[in-house]
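Below, in structure tokens: the form predicted alone, a single chain.
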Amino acid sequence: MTALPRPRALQPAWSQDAAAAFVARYEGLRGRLPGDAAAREAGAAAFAARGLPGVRDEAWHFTSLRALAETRFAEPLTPVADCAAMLARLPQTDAPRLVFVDGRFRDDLSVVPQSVSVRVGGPAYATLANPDREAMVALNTMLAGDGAAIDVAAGVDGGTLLLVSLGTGTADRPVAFHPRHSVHLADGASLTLLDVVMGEGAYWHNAVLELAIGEGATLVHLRLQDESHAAFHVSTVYADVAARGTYDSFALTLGGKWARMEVHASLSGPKAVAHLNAAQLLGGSQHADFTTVITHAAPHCASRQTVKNVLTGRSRGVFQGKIEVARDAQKTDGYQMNQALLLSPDAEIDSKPELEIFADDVKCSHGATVGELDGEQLFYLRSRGVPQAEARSMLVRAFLAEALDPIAHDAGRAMLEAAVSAWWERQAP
């Protein structure tokens, strides 16, 4: 076997040391990991060459990996943890579910769907990911554990499916796991994916999800990230949308002491549509980063993105959103807005919306706003007998309503609204 290169020396010492430790772990497991060995080798070579990104990397300028890199993670043990308390927090629905604990599929906790094809066990490698460009994806490709490959046949309504990831760990033995999932919707198919991520204890969850949406197909992707506040979370989503296809997503970030969600959506066929809406609700010393790249590669495509941030304590939110319009993507319609509500003088938001346009017949706009609760509105409510805490709650919920209102799926919306309510109750003095 060819020896892997050492991580590049341009990165800081902590990055090089951590990357070398991950490469050494892979070399120790080589030949014993399931799935496509060639894909793993390619991912390992890419990661060994790049190492962990530092703040000098433009895409990671606002989010330092140092705390994660200085944590030494162990391999998960065979998952036997009692997950009843976490499972009780799942949305109340009869929909089938696929449950992964510490990155490993748990057949005893799952209900496999009948209307769609599902393959579980080993990583579900697809063809959309870019390990050569994204270091965390290369690391996932190198060390990927279990995953689900979900296929919906042409013209089939796959209904609703829960994809559940539960993390466990302890302060003296934090674990790391790297699930790898894929979803393929054939032409005219549809599916609602409720993607729920939560956990207890200390761990690192580094996931990759690849979504291929065929011509005229529709995928509704509702995501709740409510990890343990002792956990690290990184997830990368790739979505390729064919002609007249729709990718309608909403991601709610509540958990993790350090979290980053990255979405790469490509509108590859005419009249494709992508909605990448999100909300980040953070408190204490949490750090969360929502980074997106929407590529308009074909004409007559539309994208919409509204990202809300509510920050308390000493939390820090990051939004980086980029709309790329190719030369042939005439008649593009792209909109992007990031809004932040700071409920503490110590909270921070970093916002970086971007447009990169090579076509000349387009309609694209972006913007960002940062503020605090409106004093006049708060005074108006207080003057009518509304208690201070309730008045603040009403204004925060009104701020979030624009992002939640478009969600038509009842169970998914109820799941997200309940999570928002529980988060706000935890912030109450």
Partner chain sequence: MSESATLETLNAVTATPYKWGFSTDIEMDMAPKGLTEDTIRLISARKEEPAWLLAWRLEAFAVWQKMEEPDWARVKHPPIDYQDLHYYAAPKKKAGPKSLDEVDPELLRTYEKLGIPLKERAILAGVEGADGEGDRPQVAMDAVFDSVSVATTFKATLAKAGVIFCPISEAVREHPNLVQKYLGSVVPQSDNFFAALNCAVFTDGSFVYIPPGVRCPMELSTYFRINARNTGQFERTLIIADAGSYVSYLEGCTAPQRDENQLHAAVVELIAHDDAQIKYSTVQNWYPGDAEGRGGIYNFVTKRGDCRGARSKISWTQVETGSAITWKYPSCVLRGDDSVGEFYSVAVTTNYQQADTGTKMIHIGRNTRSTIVSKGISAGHSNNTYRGQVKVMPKAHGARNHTQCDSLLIGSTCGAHTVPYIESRNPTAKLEHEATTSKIAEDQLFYCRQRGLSEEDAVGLIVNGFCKDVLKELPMEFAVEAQKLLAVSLEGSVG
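Positions refer to the first chain, counted from 1. The model shown is predicted, which means the values in this text are computed figures rather than measured ones.
The form predicted together with its partner chain is left out here; the points below concern that form.
Its partner chain in the predicted complex is not approached by Arg72, whose heavy atoms all lie more than 4.5 angstroms from it. At a distance threshold of 4.5 angstroms between non-hydrogen atoms, Glu372 is in contact with its partner chain in the predicted complex. Interface residue remark: Glu354 is counted as part of the site for its partner chain in the predicted complex, having a heavy atom within 4.5 Å.
Using a 4.5 angstroms threshold between heavy atoms, Arg32 stays clear of its partner chain in the predicted complex. Here the chain stands alone, but in the predicted complex its contact with its partner chain, taken as any heavy atom within 4.5 Å, falls in 342-350 among 175-183, 277-285, 208-216, 342-350. Contact check for Glu58, Gln330 and Ser365: all three have a heavy atom within 4.5 Å of its partner chain in the predicted complex. In summary, among the residues Val112, Ala95, Ala153, Ala359, the only one with a non-hydrogen atom within 4.5 Å of its partner chain in the predicted complex is Ala359.
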